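Only one chain is given next, in structure tokens, and it is the form predicted on its own.
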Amino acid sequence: MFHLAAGRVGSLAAKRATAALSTSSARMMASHGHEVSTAVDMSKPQYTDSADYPLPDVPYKQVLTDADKSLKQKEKGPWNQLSKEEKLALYRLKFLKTYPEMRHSTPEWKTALGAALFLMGLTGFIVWWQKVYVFPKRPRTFEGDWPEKQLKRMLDMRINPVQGISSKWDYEKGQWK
């Protein structure tokens, strides 16, 4: 009886160890050897820098140092006694970027333009390759005197005389109307 219980405990411990190892190895495989990031709780207020949303839910710096706390106390007094650096430090406690910093363009447009031009060049290369190696040569009826002879034959046969090409030809004068 004891042997049977010990066997069950041993197999349970082995299963748990295997599951723990396989879970951690699967997590390592999924993260390609890097630390797995955790999910952000979106039910709590978040800080965002956006010109469209000028007042974020929470201040940028949530944990204040002693110097920041004394500056916050100084903020409650008259602002004309604060220096420009202190006003800027107070602003940086609440916000990460100023409006000009938020509106400052990034060089991302260069990447997008480069990708678009690369894809256009690749498309042009594929079209050229198909024209040279895939598509057959143009029929002989497209070159030389063939189109002119074909037009003359259509006029002689009076094809589509109401609204088509024959309606635009003056048969008495032998020229276009």
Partner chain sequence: MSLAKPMMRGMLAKRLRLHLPLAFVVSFSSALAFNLLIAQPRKRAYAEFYKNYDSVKDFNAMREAGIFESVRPIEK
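Numbering follows the first chain given and starts at 1. Rigid core here is just the name for the largest C-alpha set that superposes within 1.5 Å across the two forms. Quick caveat: nothing in here was measured; it's all calculated off a predicted structure.
Omitted here: the form predicted together with the partner chain. The next part is about that form.
- Using a 4.5 angstroms heavy atom cutoff to the partner chain in the model of the complex, all of 84, 158 and 162 count as contacting.
- Judged by heavy atoms within 4.5 Å of the partner chain in the model of the complex, the contact stretch among the candidates 64-72, 37-45, 124-132, 148-156 is 148-156.
- In a rigid-core overlay of the protein, residue 149 has its C-alpha displaced by at least 2 Å between the shown form and the other one.
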